[in-house]
Structures are given as structure tokens and as C-alpha cells.
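This document opens with one chain alone, in C-alpha cells, the form predicted alone.
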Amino acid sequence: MDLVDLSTLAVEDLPFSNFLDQVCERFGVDYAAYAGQSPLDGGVHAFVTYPDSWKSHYTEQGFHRMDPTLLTARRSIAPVDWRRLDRGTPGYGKVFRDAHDFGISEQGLTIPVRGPFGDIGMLSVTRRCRPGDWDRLVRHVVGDLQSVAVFMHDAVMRTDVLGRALRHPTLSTRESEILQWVAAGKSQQDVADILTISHRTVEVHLRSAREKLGALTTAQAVARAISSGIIYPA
């Protein structure tokens, strides 16, 4: 399951990040984030207002695979208050401990939205304040935030943002390298010898690349990688 930062795609005409900034200002929260889960491959695509340093750390650590705010919201139909998360949930300590180091509060709310095609959207907000102030804020804004969550998920799904993300899968450097050699006509054993890795390792990377590209065969994966500009024709 990959994490695609939608703000890195060429979608200047879709100011969702600016919209989230307005959400922060209107509702008096520190940060806001939208995360959607692809109905095709389970990948996560997102817009966030978090600092770039936290975004980079979150992505590098693969936190989207263990983030309890996302894991719990995917199984819920009601807003999820972070303070009520099970602290024994896998990843809870790691994610929130690191978030604290980046100045992000454990107080937050994630609102899930379920679409008609198996798609899921999640709007999260967080604010560092006294617990009593947080409770009052949530009671005051939760209804409006639910409407905002539905609006944003619907807007993302109605645009081509998700389609662009799915058409531009992110392969690892090694996966791209192996596909490039395969595109040049090299066998798996040839690739293993060239890269000084095992035949088994080559197969593992090829399988991962096929899954990310939604391909049934390696030849199909190569074709899709070329059409997406990930690798080049030999």
C-alpha cells in the first residue's frame, strides 16, 4: 500500500491544500489533512497542511501503514476522537511519539466518508489545547466538519486527481531499475548478475512492481511503466 502526496502532482487548478488551510482558519485547528484510500489497490492519497518535515518523516517511516487514526477510521462510520484510540493498537506509540517530537498534538478527530464504489475518505483535524477546550471545540464543529469531509471527498473523487495518482504509481529505485533492464531484453538471471543480487530478489521486486502497476505479467508491467514515463523504451 503506497502513499501518494497529491500536492506533488500537477493539479494547480485543484486548490485542495488551500481549502484545508481555510478549514484550519475557520474551525480554529492547528492542522487539517485529507486521506483517501483507493478502491483499486488500497493505496493512500493525501492532502495535508502538516509541516514538510513531518510529511517527509511520516512518508519515510511508512506510517500510513500503521497510523491508528487511519486504521480505526477505515473501520468506523462515526467520527473518531484520537483520545479514545486503543493505545495498544499497533503503531500507536511510534506514530504519536514521533508526532509529539514534531509538535503535533495527540488531540485530534478523524471523520470517515464512505463512497459508493468502495472508496474511503478521511478528514482529520488536530489542535494543541487543554482537554476541556478540545471537548468544547469538537462539540461545536463536528457537524460542520462532517459536511466538509463529505464535500472534500466528493470533490476529489469527481476530479481526475485520484485517476492521476493511480496512473502515476511510485516504484522504488530498485523496482524501476529492474524493469528498465527487463525492458532492454535482459532475463531475470541477467538482471541478477548485472545488479549483483539474487534471482529471488529480482523476482520479489518484479512482483512488487506488477502489483503497484496493476499488471498481471512482467511484460504488462514494463509496458505500463513505459507509458507512465517511469522507465524508457530500450
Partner chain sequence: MIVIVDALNRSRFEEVLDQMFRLRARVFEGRLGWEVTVSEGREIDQFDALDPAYVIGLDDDGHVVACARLLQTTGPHMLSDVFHGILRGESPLRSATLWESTRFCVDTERLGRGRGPNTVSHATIELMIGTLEYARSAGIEDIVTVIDPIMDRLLKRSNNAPYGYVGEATPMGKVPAMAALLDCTPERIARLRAFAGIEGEVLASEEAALARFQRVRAKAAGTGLYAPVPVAAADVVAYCRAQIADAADPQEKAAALELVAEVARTTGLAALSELVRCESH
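Residue numbers count along the first chain shown, from 1. Predicted, not measured: the structure shown is a model, and the values here were computed from it. Just so we're on the same page, rigid core means the largest C-alpha set that superposes within 1.5 Å between forms.
The protein also exists as the form predicted together with its partner chain; that form is not presented, and the subsequent description refers to it.
A.B. asks: Does Gly91 reach its partner chain in the model of the complex if we count a contact as any heavy atom within 4.5 Å?
C.D. replies: Taking the distances in the model of the complex, the answer for Gly91 is no, it never comes within 4.5 Å of its partner chain.
A.B. asks: Within a 4.5 Å heavy atom cut-off, is Leu171 in contact with its partner chain in the model of the complex?
C.D. replies: Close contact exists here: in the model of the complex, Leu171 approaches its partner chain to within 4.5 Å, heavy atoms only.
A.B. asks: Would Val142 count as touching its partner chain in the model of the complex under a 4.5 Å heavy atom rule?
C.D. replies: Output for Val142 is yes: heavy atoms within 4.5 Å of its partner chain.
A.B. asks: State yes or no: in the model of the complex, is some non-hydrogen atom of His100 no more than 4.5 angstroms from a non-hydrogen atom of its partner chain?
C.D. replies: Because no heavy atom of His100 falls inside 4.5 Å of its partner chain in the model of the complex, the answer is no.
A.B. asks: Within 4.5 Å of its partner chain in the model of the complex: all of Arg75, Pro79 and Glu175, by heavy atom?
C.D. replies: Checking in the model of the complex: Arg75, Pro79 and Glu175 are all within 4.5 Å of its partner chain.
A.B. asks: 56 to 64, 43 to 51, 198 to 206, 30 to 38: which one contacts its partner chain in the model of the complex at 4.5 Å, heavy atom to heavy atom?
C.D. replies: Of the options, only 198 to 206 has residues within 4.5 Å of the partner.
A.B. asks: Core superposed first: is there a CA shift of 2 Å or greater at Gln61 between this form and the one not shown?
C.D. replies: No: Gln61 shifts by under 2 Å between this form and the one not shown.
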